[in-house]
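Following this are structure 1 and structure 2, which are two forms of one protein chain, each written alone as structure tokens.
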Structure 1
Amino acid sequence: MYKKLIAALLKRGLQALIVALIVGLVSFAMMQALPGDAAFRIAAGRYGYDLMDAAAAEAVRQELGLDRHWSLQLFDWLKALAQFNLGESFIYRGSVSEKIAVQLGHTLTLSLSALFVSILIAFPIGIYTGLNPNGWADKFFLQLSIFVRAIPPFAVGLTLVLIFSVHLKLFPVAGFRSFHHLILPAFTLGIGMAAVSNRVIRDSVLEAMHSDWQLFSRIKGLPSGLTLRAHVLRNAALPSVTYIGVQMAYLIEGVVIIETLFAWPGIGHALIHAIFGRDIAMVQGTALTLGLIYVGLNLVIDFLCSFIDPRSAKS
């Protein structure tokens, strides 16, 4: 068992190293390929249009050494990375890793809460509709899922705010300092996720219910409740967990619009600003962190799957 664990960790560790290198190189190359003078962009991001001018851009160019050959700039970044240093933000000064740590914390809080909400909604609905396929509930939730999925998250968020903040006055409109602030953005994202995942869970449950082993367990005399708990749900959980893992990956970087709507500080928001402002150090650092999180996420999903289905770990 431990051997397996160490092997899996080593495999993912190596994968992480390769991801880090590729993400760093690709994001650097993409930033270099963008048209326009980076010094002007960075100065614009720093000082705003009231104070930014050609002199400020020149000062930025000198300070950051942007006139050096690109290979030298890349070498410096790689050298610093080898010492676990992501460097300083070109626009905001200050350490990139500190900024990412703050923003990532908020993004993970929001993403995990949204995940929690989506599981809370999707599992009961998915299991019920899977056990009662083509019934009225199945048809109703299919329509509802399509409807919810078709609305952009921004509109879902605004609707929730109008109902729960403006009319019912239950939750604040925006902000992030208290648990109350988390509810609406988490539900906005969670509802969107649940709209798809409840269908995945439904299909998995349905498939499990039609399988030979399900029939066998019933024939051998197991009661339906026990069959459901011990066999059907465990088997149905496998594709569901994998799918939720994929959703989570999208979520971490895909919440930009929700972060902006609810004034929630997050990494997606930071990455977009960094790309607009040509904050190369910040883009590389953020992309690298996201890349590594995906590797980590894969690892967690692997472990969860082998926990749910020990056969896959043995094979």
Structure 2
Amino acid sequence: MYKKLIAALLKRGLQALIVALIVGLVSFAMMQALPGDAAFRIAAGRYGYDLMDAAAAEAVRQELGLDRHWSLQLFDWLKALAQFNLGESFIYRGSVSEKIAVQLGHTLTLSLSALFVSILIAFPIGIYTGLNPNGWADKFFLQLSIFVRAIPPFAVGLTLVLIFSVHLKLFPVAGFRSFHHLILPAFTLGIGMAAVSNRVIRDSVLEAMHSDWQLFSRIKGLPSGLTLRAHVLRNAALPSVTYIGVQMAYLIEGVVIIETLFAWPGIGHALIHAIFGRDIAMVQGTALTLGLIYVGLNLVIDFLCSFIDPRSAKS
């Protein structure tokens, strides 16, 4: 068991290292490829467009070393990264790590809330349709899932805003001041995730209900409720939990869009502002954090699968 744990940690650690290098290189290259003078955009972000001039841009260029060759700039970032230092923001002049630490808390709050919403919606629907396949409910939720999944996350968010904020006035449009500000962005992400995961749960339950061991447990005389709770749902949970790990990619992608739409102060919102402001250090640090979150979540999913099915820990 301990060997399995150590092997999983080493595997994910190597994966995290590869992700860090790829994300850093790609984000740096994309920022370098953007048109225009980065020094002017950074100076505008620091002093405002009214106070920004050529002299201010040149001062920023000299201060940050933007006139140096791109390979030297990249080498400095990789050297700092090897020391677990993400550098300082080009615009706000504060530590990138400290700013991300604050924003990460908001992002995790939104992500976990969206995951909870997804589970709250998907599991009851998936279990019911799996126990009653090809019925009217199964066909209805299949069509509904296809329709919802085809809609982009920002369109779902705008629809919820129009209904629950503009017309019904039940929730605020955007911002971050109370629990009510969390509901619409969490449901925007959660609904999109549940649209697919409920079908995965449905298929898992259906497969478990038609398995030989389920039939054997019924032949032994076990009550249907006990069979469902102790055997069917546990075996159906394994592929469902595994698929949640796949959905993390959708969640990370959606966080960037939804945080911007709802002005949620997370790392996705910060990433968009950093790109527009040409804050290269902030872009690299934020993108790196998103990539490492994905690696970490997959590690958690691996351990959950081992807990649900102990046989996987021995393989």
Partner chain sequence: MFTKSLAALGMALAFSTIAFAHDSAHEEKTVKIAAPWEITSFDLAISGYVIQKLEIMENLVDADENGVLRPGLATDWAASEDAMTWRFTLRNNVTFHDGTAFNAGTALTALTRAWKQPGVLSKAPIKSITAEDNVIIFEMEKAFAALPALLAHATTIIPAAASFDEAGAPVAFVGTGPFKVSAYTPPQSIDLERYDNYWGKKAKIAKAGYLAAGRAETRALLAETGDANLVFTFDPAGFNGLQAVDSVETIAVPIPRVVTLKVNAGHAFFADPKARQALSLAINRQAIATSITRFPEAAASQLFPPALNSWHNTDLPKLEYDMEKAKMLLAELGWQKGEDGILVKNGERFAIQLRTFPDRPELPLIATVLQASWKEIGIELDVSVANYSQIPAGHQDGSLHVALYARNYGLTPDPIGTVLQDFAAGGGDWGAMGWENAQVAQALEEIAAKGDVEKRAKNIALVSSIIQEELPLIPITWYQHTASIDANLEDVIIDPLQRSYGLSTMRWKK
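Structure 1's sequence is the ruler for residue numbers, which start at 1. What you are looking at is a predicted structure, and each value in this text was computed from that prediction instead of being measured.
- By the stated condition, namely the form predicted together with the partner chain, the first structure is the one that fits.
- Under a division of the chain into two rigid parts between structures 1 and 2, the C-alpha atoms of residue 73 and residue 195 are best fitted by different superpositions and thus lie in separate parts.
- When the larger part is held fixed by C-alpha superposition, the smaller rigid part is turned by 17 degrees between structures 1 and 2.
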